[in-house]
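For reference, the chain that follows is the form predicted alone, supplied as structure tokens.
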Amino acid sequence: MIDRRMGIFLAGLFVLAVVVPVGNLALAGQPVPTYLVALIGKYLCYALLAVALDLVWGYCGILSLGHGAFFALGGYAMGMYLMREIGDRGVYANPSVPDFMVFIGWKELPWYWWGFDHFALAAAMVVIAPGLLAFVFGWFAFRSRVTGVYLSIITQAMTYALMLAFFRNDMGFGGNNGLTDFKDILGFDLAQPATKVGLMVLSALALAGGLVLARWVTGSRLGKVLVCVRDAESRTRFLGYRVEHYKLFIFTLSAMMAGVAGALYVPQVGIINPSEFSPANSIEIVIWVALGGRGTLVGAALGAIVVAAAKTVLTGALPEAWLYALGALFILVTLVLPTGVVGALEDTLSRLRGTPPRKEAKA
């Protein structure tokens, strides 16, 4: 089930998960400094998010412009646990109420914060919160047969509405500042290099697990039906398949994967705020997948890593030029590389071997 392309990528992840800890911990951070460990971990979280989107867009034809919302919800679920872990070490030394709530005059935790001092509940909510939102949203959207650009618009409207809601101080999630000043996770100090390395390795394992799960789904009979839905939805429905059920399942699964990516992202960057719900972030995820290769899974992960790394470099050197470069990149990929970088490379290799090119989904 794991093809050569994915095998090579998983092997690269394994090497990364070994080399980075050795380069940072065993060699006192000389070859691999601690700041680079956190960056690599962040890029791996982005890669898992891109795989989640590719699962619904590349294989089912659902162009979601709201996956940033699922990513952010998973991040907020983990952020709530990390805030409870602070305890009386905050500025106001309140053992049960986070600093931002004390600052605005709240005397006790709202009911939806109850239990987040337990990691098990927080870990469950990482997948339940985005999964439930995706299920409810998809139930109404897919049963109403909303497709194409209309579906994309309402997914973007969903994430924009959530962004406006989370900006409000009375929502109880920190308002504009969000959740930050985290101290530790499960008793491990987040400022220590060993903790950062551990989170990076967990991110690599989560990405590997997400890729294997996505490949298992797409390689099964379910995956073949999803491709049929993507290529000929009306004909698939005519053959007797309940198309909305397939869409709902894969949309919910993808949202849960995005939530896991968000949960791993938050302790590594140290903050989660409403800007993660920004529609621009969801559009950027689409660009990652389109660049790497829609319907390739591995290409989506590579696209996320490459674009995120380029963003880090360009925003440091020429911050005002990044958005122009991102827009130009998307136009270039759409016009010149409709199957993405991975698809184009494989088509070229196929022509050199004299074999028919593989059929990948076009961006």
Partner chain sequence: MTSLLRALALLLALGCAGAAAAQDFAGLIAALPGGSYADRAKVVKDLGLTGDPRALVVLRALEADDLKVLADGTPVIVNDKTGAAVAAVDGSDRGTPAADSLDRVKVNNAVRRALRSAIGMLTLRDPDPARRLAAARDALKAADPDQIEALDAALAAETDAGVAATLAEARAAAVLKSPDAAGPDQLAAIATLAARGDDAARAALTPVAASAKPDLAKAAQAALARIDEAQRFWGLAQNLWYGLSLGSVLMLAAVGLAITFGVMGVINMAHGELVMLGAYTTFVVQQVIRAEAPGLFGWSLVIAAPLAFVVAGAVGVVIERGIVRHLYGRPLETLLATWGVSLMLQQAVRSAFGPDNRDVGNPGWMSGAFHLGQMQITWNRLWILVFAFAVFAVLLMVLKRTPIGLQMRAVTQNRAMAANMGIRTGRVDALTFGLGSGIAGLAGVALSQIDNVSPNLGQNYIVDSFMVVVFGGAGNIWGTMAGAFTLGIANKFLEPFAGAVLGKILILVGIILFIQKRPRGLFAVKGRAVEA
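For clarity, every value in this text was computed on a predicted model and none was experimentally measured. Numbering follows the first chain given and starts at 1.
Just so you know, the form predicted together with its partner chain exists too; it's not on screen, but the next bit is about it.
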Can you check whether residue 31 is within 4.5 Å of its partner chain in the predicted bound form, heavy atom basis? no
Closest heavy atom of residue 294 to its partner chain in the predicted bound form, within 4.5 Å or not? yes
Using the partner position in the predicted bound form, report whether residue 57 sits within 4.5 Å of its partner chain, counting heavy atoms only. yes
In the predicted bound form, does residue 149 come within 4.5 Å of its partner chain, counting heavy atoms only? yes
Candidate stretches 159 to 167, 105 to 113, 73 to 81, 254 to 262 - the one whose heavy atoms come within 4.5 Å of its partner chain in the predicted bound form: 159 to 167
Consider the chain as shown here, without its partner, and state which of 120, 186, 153, 191 has a heavy atom within 4.5 Å of its partner chain in the predicted bound form. 153
Residue within 4.5 Å of its partner chain in the predicted bound form by heavy atom, from 63, 36, 314, 306, is 63
Residues 140, 334 and 338 all lining its partner chain in the predicted bound form, heavy atom within 4.5 Å: yes
Heavy atom within 4.5 Å of its partner chain in the predicted bound form: which residues of 286 to 320 qualify? 286, 294, 320
